[in-house]
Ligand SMILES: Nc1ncnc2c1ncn2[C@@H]1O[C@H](COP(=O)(O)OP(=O)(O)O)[C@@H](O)[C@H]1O
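To begin, one chain is listed below as structure tokens, in the form predicted alone.
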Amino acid sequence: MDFAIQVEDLTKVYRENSTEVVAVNGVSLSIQRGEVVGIMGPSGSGKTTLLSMFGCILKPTAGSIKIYGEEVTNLSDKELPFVRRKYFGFIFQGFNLFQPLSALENVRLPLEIKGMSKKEAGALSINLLEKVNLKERAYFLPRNLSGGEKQRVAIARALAGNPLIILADEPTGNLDHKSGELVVKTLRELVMINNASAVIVTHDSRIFHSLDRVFYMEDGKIRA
């Protein structure tokens, strides 16, 4: 079976002086290629911490993380950025768009940073914006886009490197129902086209029907 993510007994403990907080407590799960999976639970349950460990942003205190069969748990800080570039696209709740840049420029900039020529990056960015139905708004600044449109720009940017795994933290949290459904629908279609996978951390029960599976977290654990 083609697993995108496999974690076993994954734990993250934060320590400060004599205080210890167990944010993630012995989580084991697997996510297949092609799946769109949700992680739900109350605030403070460990969802974002777990997502950050999936994406090699945070190192676990204990346990194992395999990305497409590659053990990444003990990689050095110098090696982890390569893993992130190789496998992941990130979508953030707050969009994280550069306000002085157009939608096109927001998608194009990371490609140029990776070494792609401005012409090639521009052509690819237009294609990605077309995939998320925003080609006609390519030259709009973020302030002139709706919340749903900004999130679709963020999706296009996340997909710019053809990631095998998309990690999204509350992508519909600031959106109305219609915009939220469109974002998840777009994400699912692009996952299917690219034979990728997506993990969505969310409080939004309205998108249940758009997910293949949902994991529930509480007190740092996956609830059966």
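A residue's number is simply how far along the shown sequence it sits, counting from 1. For the two forms, the rigid core is made up of the largest set of C-alpha atoms that agree within 1.5 Å on superposition. Remember, it's a predicted structure, so these values are computed and weren't measured experimentally.
The form predicted in complex with the ligand is left out here; the points below concern that form.
A residue is said to contact a partner when one of its heavy atoms sits within 4.5 Å of a partner heavy atom; residue 16 meets this definition for the ligand in the predicted bound form. At a distance threshold of 4.5 angstroms between non-hydrogen atoms, residue 186 is out of contact with the ligand in the predicted bound form. Proximity of residue 26 to the ligand in the predicted bound form falls outside the 4.5 Å heavy atom cutoff. Contact between residue 43 and the ligand in the predicted bound form is found at the 4.5 Å heavy atom cutoff.
With the ligand left out of view, the stretch that reaches within 4.5 Å of it through heavy atoms in the predicted bound form is, among 28-36, 191-199, 48-56, 157-165, 48-56. When the rigid core is held fixed, the Cα atom of residue 9 travels less than 2 angstroms between this form and the one not shown.
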